[in-house]
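Presented as structure tokens, the chain that follows is alone, the form predicted alone.
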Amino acid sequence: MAKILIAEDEQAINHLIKWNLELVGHTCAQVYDGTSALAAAEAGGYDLLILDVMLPGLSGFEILPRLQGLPVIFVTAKAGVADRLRGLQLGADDYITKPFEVLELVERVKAVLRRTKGEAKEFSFDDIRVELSNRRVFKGGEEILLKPKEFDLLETFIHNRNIALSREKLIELVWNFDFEGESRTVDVHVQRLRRKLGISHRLQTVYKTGYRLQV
């Protein structure tokens, strides 16, 4: 997991980003103005900077050219095409406009970290070990065979662990345009994962929402 610096002057948004990124396993530090953001980024030790454009002191557009090699995702209310182009031309790795969906932010962070740090190859919890790159799953040292969509679903839960995912969001993330059927398909695949891996206590039903992998 990554160490992420969040530079956002709106405290509610700053805390929302921190809370959700820490849910999926990242470590976050928070600053609320441009001068502090630049000082913290230059001090080093971070894998990613989430940077608001309109910060007190120094703007995000002023900060980015002064950074050396630190990946940056702009999160801003400046949604115009000219602003987006300026941010990307300055070297930002991504540009997200407010308001944003939390899951989108988590996925964008994952994508940038995958490009800059490389994808995590394994994930373990309890007696389960998942080899993400090899698409193999082991329980107590014994390999458990999963069908392709079962593994895709497990991988999606791992990448979004501790976050409640609706059936509709799971269909979008796992089945995408290949999906033909109804949301009951999600329930069936979840039950299969619970049975095969013995993780009913981890793969939890969230009332009126969907499911969450609690680890």
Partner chain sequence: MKNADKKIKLRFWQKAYLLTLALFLLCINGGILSLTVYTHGENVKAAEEAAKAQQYYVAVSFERDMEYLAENGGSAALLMEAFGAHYKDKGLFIAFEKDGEILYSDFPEAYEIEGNSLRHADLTGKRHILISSEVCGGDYRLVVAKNVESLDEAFRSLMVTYLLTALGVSLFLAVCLYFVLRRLSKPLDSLRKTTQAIGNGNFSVTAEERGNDEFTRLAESFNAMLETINRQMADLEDQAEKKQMLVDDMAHELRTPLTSIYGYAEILEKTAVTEEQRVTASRYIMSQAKRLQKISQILLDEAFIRGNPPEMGEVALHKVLADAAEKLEEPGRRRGVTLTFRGEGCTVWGNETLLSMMFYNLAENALKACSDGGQVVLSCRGNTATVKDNGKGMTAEQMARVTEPFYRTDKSRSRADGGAGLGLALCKRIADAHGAEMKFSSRLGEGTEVSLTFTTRQ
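This one's a predicted model, so the numbers in the text were calculated from it and none came from an experiment. Numbering follows the first chain given and starts at 1.
The form predicted in complex with its partner chain is left out here; the points below concern that form.
When its partner chain is placed as it is in the model of the complex, which of 185-193, 36-44, 144-152, 55-63 ends up with heavy atoms within 4.5 Å of it?
Of the options, only 55-63 has residues within 4.5 Å of the partner.
Name the residue from Arg86, Lys98, Arg129, Arg115 that puts a heavy atom within 4.5 Å of its partner chain in the model of the complex.
The option sitting close enough to the partner is Lys98.
Hey, in the model of the complex, is Ile163 touching its partner chain, heavy atoms inside 4.5 Å?
Taking the distances in the model of the complex, the answer for Ile163 is yes, it comes within 4.5 Å of its partner chain.
Should Ala111 be classed as touching its partner chain in the model of the complex when contacts are defined as heavy atoms within 4.5 Å?
Ala111: no, not in contact with its partner chain in the model of the complex.
With the cut-off set at 4.5 Å between non-hydrogen atoms, does Leu90 touch its partner chain in the model of the complex?
No, Leu90 sits far enough from its partner chain in the model of the complex that none of its heavy atoms falls within 4.5 Å.
Members of 4-42 lying within 4.5 angstroms of its partner chain, judged by heavy atom, in the model of the complex:
In sequence order, Asp9, Glu10, Gln11, Ala12, Ile13, His15, Leu16, Trp19, Asn20, Leu23 come within 4.5 Å of the partner.
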